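Here you get one chain, nothing else, as structure tokens; it is the form predicted alone.
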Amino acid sequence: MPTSPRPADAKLTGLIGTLRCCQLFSGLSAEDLAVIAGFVVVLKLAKGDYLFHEGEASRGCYLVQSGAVNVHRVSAGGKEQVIHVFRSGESFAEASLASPTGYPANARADEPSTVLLIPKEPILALIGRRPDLALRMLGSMSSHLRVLVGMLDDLTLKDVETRLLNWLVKHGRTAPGGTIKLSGTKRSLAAELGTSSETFSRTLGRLRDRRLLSVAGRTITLRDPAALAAQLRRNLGET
């Protein structure tokens, strides 16, 4: 008669599955994944809970198992700027493992989330034995850098409408049928675009009134992608 897996075994199997789905650890052997799963710490976060604050000493890097973690910085004037919202299967804060200044930003759960803490000492010890893992971490951090460069490009655009048009055109290229499903809230997207939720809603409303798009909950449907792209070019002074 088959026996059910013990809770500890089931938990380990679940952790290995999560690690395997992450770019950072994909391709590692089952034995390596089991070693890492053996020292990870599972953290349950309520919406609004902080993982860390800017300047705190690094405890390790993180992997989102479920939910969403908002990594952001706060200006001297108190304005929050979202760097990226990390979701299931994504890792972050790898650079802090080698940084003497600790975490370079803040991390807060945007919704109830489960996050894996990969503690600093054992993962660095493993990297010492497995240099190929260090190369994987560099690859992951380069992906984060591309996100940052793209964000900086977007924020240099002159106004909120142009930033929103740019975002819609970029995401519309890969959205099936021109339907963009937001992975987070409109408030989160507004923060990513460097504006308030009120200004974002007004700008989105103007584009809707011009019949360029429609909005239903967290779904934005581009009714006329060509006209959106043409408006973006006009805003940028390219036509």
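Throughout, we count residues from 1 along the sequence that is shown. Since the model is a prediction, treat every value here as computed from it, not as a measurement. Each form is matched to the other, and the largest set of C-alpha atoms that superpose within 1.5 Å is called the rigid core.
Only in words, not in the display: the form predicted in complex with the DNA, which the text now covers.
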Query raised in the report: Each of Thr185, Gly194 and Ser197 near the DNA in the predicted complex, meaning some heavy atom within 4.5 Å?
Result: yes
Query raised in the report: Looking at 38 to 46, 170 to 178, 201 to 209, 56 to 64, which lies within 4.5 angstroms of the DNA in the predicted complex, counting heavy atoms?
Result: 201 to 209
Query raised in the report: Just one of Ala95, Val160, Ile83, Ile123 has a heavy atom within 4.5 angstroms of the DNA in the predicted complex, so which one?
Result: Val160
Query raised in the report: Should Arg130 be classed as touching the DNA in the predicted complex when contacts are defined as heavy atoms within 4.5 Å?
Result: no
Query raised in the report: Arg73 near the DNA in the predicted complex, any heavy atom under 4.5 Å?
Result: no
Query - Contact label in the predicted complex: Arg87 to the DNA, heavy atom within 4.5 Å - result: no
Query raised in the report: Once you line up the core, how about Lys44: does its CA shift reach 2 Å between the shown form and the other one?
Result: no
Query raised in the report: Any chance the CA of His53 moves 2 angstroms or more between the shown form and the other one, core superposed?
Result: no
Requested in this report: Determine whether the C-alpha of Ile220 shifts by 2 Å or more between the shown form and the other one once the rigid core is superposed.
Outcome: yes
